[in-house]
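Just the one chain here, laid out as structure tokens, in the form predicted alone.
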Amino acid sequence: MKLALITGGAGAVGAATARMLASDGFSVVLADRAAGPAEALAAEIRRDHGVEAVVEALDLADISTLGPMIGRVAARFGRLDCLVNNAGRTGASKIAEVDLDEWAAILAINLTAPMVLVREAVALMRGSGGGSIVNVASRVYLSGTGVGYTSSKSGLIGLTRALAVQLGKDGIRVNAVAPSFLNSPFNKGIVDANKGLADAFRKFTPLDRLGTPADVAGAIAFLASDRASFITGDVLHVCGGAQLAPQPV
């Protein structure tokens, strides 16, 4: 039995990832502050995939809760094979309007929590003989958008590369996925506030559509699998080609 811990496990990308990893035989721990949706998803996974699925209801911004969570995972399962740092938040868009409390909250969820979770989980992963860490970054590190979100996701890619170098000797692979704009509930508010934005993203994407949570989950599941056993320190763009500089046509 392999075990995956997924932060933001009740969200669109987290849920798609949990289902896909469960279909690959992973038991899953869903870490999310939305306890009700997470419990419903865990019940679905147990029913449909016949693996263990449990919920850790916590706010990742509270760093003090992360070590005890890893301790509970260790006590219950005795191993951890995959950590998916998926939880995220946006905000702090315009430099002239940045609120420092909002800035700190974005960094706490998007960058500090992944770092602390890796720090706390490394011993458990070593005891499992290695494993895979997948950080959910964003295409914005290439192009820039809101200063808070872009800074945090760019930092997450830097963290990915540093960890890959430091943890490779332990058989722990560390990679990132960098999605472009997704057709997901996470982005609904942005679309509602910016009419035509989703269509603009589609138009400069060579595959001529928006990505979905399942697209991102497929990339994560690949990186978590033995099929990616010689890949570390990399960034897998899940962008339909939107990571390429636009060219005249």
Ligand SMILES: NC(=O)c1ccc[n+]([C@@H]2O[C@H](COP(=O)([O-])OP(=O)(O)OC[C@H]3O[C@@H](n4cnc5c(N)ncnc54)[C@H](O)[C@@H]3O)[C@@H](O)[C@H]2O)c1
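Note that this is a predicted model, so its numbers are computed, not measured. Numbers for residues come from their place in the sequence shown, where the first is 1.
FYI, the form predicted in complex with this ligand isn't displayed, but the following is about it.
- Proximity to this ligand in the model of the complex, taken as heavy atoms within 4.5 Å, picks out 146 to 154 from the listed stretches 146 to 154, 67 to 75, 165 to 173, 120 to 128.
- Here the marked residues Leu30, Ala53 and Pro114 all miss this ligand in the model of the complex; none has a heavy atom within 4.5 angstroms.
- Residue-level contacts in the model of the complex: of Leu60, Ala217, Leu41, Leu223, one residue has a heavy atom within 4.5 Å of this ligand, and it is Leu60.
- Residue contact with this ligand in the model of the complex: Gly240 places no heavy atom within 4.5 Å of it.
- This ligand is not drawn, but in the model of the complex it has no heavy atom within 4.5 Å of Thr205.
- Heavy atoms of Cys82 never reach within 4.5 Å of this ligand in the model of the complex, leaving it off the interface.
- Remark: Val13 counts among the residues lining this ligand in the model of the complex, judged by a heavy atom distance of 4.5 Å or less.
- Heavy atoms closer than or equal to 4.5 Å to this ligand in the model of the complex belong, across 123 to 157, to the residues Val136, Ala137, Ser138, Tyr149, Lys153, ordered by sequence position.
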